[in-house]
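Taking the form predicted on its own, here's one chain by itself in structure tokens.
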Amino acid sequence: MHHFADLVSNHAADDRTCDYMLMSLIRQFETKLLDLFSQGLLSGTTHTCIGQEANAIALMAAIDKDIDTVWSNHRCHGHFLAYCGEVHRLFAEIVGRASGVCGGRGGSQHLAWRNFFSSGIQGGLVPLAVGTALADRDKGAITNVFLGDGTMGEGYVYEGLNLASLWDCPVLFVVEDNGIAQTTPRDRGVAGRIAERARPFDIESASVRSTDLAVLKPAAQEAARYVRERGRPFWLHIETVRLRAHSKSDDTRSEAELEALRELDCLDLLRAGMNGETDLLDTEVAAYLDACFDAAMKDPEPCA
């Protein structure tokens, strides 16, 4: 399969179109996954980031992918596709094929590709990210770790913040706060203000309440620039939206609440700024996804 970047280069003449194609790719990829799960075609479970795609695109545009490291979580597909665009390999991984990112053995949540790693163990990502940042500090590299609001109750987070500050680790903590941890609303599971969590550790922080890529990109660039130039940790809190269930069908929110959240759909916001060519781009992306999935399904399964 040719790479997604080749498809983009055939259609995109500007950054906005590139961003739109990538966001459409992530959205359609995960929508397809939910459909495949209902058909029993996935190996294991899956969690989507539908509604949060702009965060991934903004952060990946702000880092140096040649040297920086990314630690992601259970909602890792968007982060991964924005990092490398390896669609065929990700499909192959999730349907358990030898050509997958991890040979078909990691599944949806556990990916390792170049300097990108993901795990479903939420708070456990933080010490790994701090250690990576410390190890790669002399290379001029930074480490980015994605957390969720549901992770704020994990002790590892605060142990990591403490050491990151004490040891001057260049790590960017990105909290994607979608307001609900599985089925528990944030105000019933997290005390205090997430935006202020890192300040007692003498870590600079910023908070952004937006799903607009035009707002998120400069915020991510400023945060990454601070970490790289100062050699210090930074806490970037993003208030975002989750438009689908935690996993597949476990969504306890009312239709009225979901309808209000859909008004903040990052893909619609980006589409509104385009010149009417998005239907064609969506169609091109869908055809590419279908070709990647068909190729993955024809790949051999791993050896026992």
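We number the residues from 1 along the sequence you see. Since we're looking at a predicted model, the values are computed, not measured.
Another form exists, predicted together with a small molecule; not displayed. Remarks below refer to it.
Taken together, the three residues 210, 239 and 266 all stay farther than 4.5 Å from the small molecule in the model of the complex, as judged by their closest heavy atom. Among 214, 121, 166, 98, the residue placing a heavy atom within 4.5 Å of the small molecule in the model of the complex is 121. A heavy atom within 4.5 Å of the small molecule in the model of the complex is found for one listed residue only; from 108, 132, 178, 72, this is 178. Mapping the unseen interface onto this chain, residue 246 counts among the residues with a heavy atom inside 4.5 Å of the small molecule in the model of the complex. Although the partner is absent here, residue 148 is a contact residue: one of its heavy atoms lies within 4.5 angstroms of the small molecule in the model of the complex.
When the small molecule is considered in the model of the complex, residue 136 lies well away from it, no heavy atom lying within 4.5 Å. Using a 4.5 angstroms threshold between heavy atoms, residue 154 counts as touching the small molecule in the model of the complex. Stretch 113-121 is the answer when you ask which of 158-166, 113-121, 84-92, 217-225 has residues with heavy atoms within 4.5 Å of the small molecule in the model of the complex.
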